[in-house]
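Quick setup: the C-alpha cells below cover two forms of a single protein chain, split into structure 1 and structure 2.
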Structure 1
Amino acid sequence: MSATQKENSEATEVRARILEAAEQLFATHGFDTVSLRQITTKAGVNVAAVNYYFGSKAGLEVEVLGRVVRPINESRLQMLNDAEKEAGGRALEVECILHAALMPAIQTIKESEHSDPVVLKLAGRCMSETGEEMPVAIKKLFNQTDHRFCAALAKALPHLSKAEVFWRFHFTMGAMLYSLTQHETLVMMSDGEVTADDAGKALQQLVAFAAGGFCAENACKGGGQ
C-alpha cells in the first residue's frame, strides 16, 4: 500500500533481495538458464541493480555460490577436526569420517524444509557444472576439504592404496551430489517406496552405503579381465 516510502525495518535491502531470488532461481534452473531479468523481477528491483552491486552476472554467481558452499565446507572441516582431536592420535572410524563429510550438506536441506527444498541443490549443481564455468575460488574450496577427508580415510583404511581412497571418496561425492540434486528421480523411480519427504533419511542411508563401499576388499577381486 504505502509503496511510496520504504520501511527499512522489514523490507530487506535490494542487495539481499537479489541474492535470495538468485539463489532460488539458480538452484532450480541452473546458472546459464536463468536470466538477470528473471532474477530482478522476482526480487522486485531494477535490472541495473545487479551490475551495480555485483559488477556482473558472474560476480553474482560467485557470491551466491560462496554463500551456500562456504559454511557447509567449514562445518565439514570442523566436525572432522573435532573428531580427530577427541580421538587423540588414533585413526577415526570410517563411518565417523563419512558422517562429517556428508552431514552438513544434507542437513542444510532438512533445515530449509519449511521453505523450498531449494537451497542445497545449488551446492550440488555447483560441482556438476562443467569445469570452465565453475569459479576457481569455489573449486579450490572443495579441493582442500577433499584432501583433508581423504587423508583421514587413508589413515583409517591403511590397507587401501591412496589411489583407491581417492576413487572411493570420489564415488561418495557423486552419490551425495546426485541424491541432493536428483531426489525426485529417486521418488519417481521407486514408485512410492521412497517418498518426497524422505530426504532426511538420505544421510543415514548414504553413510551406510559409503561405509560399506570403503570397507570392501580391494578392487582387483570383483572386476575380472
Structure 2
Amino acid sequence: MSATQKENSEATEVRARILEAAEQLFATHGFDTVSLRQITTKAGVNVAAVNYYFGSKAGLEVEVLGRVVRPINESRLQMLNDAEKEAGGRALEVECILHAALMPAIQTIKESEHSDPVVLKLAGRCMSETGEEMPVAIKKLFNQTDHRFCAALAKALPHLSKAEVFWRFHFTMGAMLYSLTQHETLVMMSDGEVTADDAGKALQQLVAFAAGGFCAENACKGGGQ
C-alpha cells in the first residue's frame, strides 16, 4: 500500500468513526442536545477532524441524517415516477401512491445494516424534532418529497382541498413512524397475538388504514382549513 493509499484509508476510517458516533448520540439524545465534544470523545478524534471532514456540526448532522433519509426518498420518488409513467397521465390509485410513500421507509429500516434501535430512534428524531433542532437541508429533503406525493394524492382525490391532503399525509407519516418505533405497543395491546415483525403485513395494514382516511369526505367546511 502506497503512502497516499494509506492516508486515504485512514481518512475513511476516521470519517466513518465520526459518523457512527454522531449517529448513535443523535439517535439517543437529539441533534440540539449533543455537543461536538461528546461526538469527538466517543469517536476518539479531535474537534478539528469534524470541521475538516464535515465543515461544522451542522454539516455532520446533515451527513448523518442523509444516510437514512436520502436513499429512502430516492426510492420513494422512483416508485412514484414509475407508477405515474405507467399511468400515462391518469390519476393514480390512492393505494398505489401510499405504497410508494410508505414501503421504502419500512423496508429500508427493517433491512438496515445498522442496528435497528439506532436507526429507528434516528428516524424518530428525523420526524419529530422541530425548529432549530432539525437541519434546514434535511427539512428540504422531506419537503420536496412530501410535496410530490401530496400533489399525486390531490390529483387522485379532487374532492379534497389542498389543506385536507396535507393534513392527511401528515397523519399518515405520523402513523408510519409510530408503527415503526412503537411496535412493542401492538404486542402488549394484543396480549402477544399480533406482532409487527412482518414488514409486508405492516405495510399492508398501514396502506389500508391510510387509504380509508384519504378517501373519506372533506372533514371541514369552507376549504378544509
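Note that the structure is a prediction, hence the values are computed from the model and not measured. Residue 1 is the first residue of structure 1, and the numbers go on in sequence order from there. Rigid core: the largest C-alpha set superposing within 1.5 Å between the two forms.
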| task | Name the structure that is the form predicted alone; the other one isn't. | result | 2
| remark: A C-alpha superposition of the larger rigid part shows the smaller one rotated between structures 1 and 2 by a count of degrees equal to 25
| query | What's the distance in angstrom the Cα of residue 42 travels between structures 1 and 2, core superposed? | reply | 9.0
| remark: Cα of residue 197, core superposed, displaced between structures 1 and 2 by (Å) 2.5
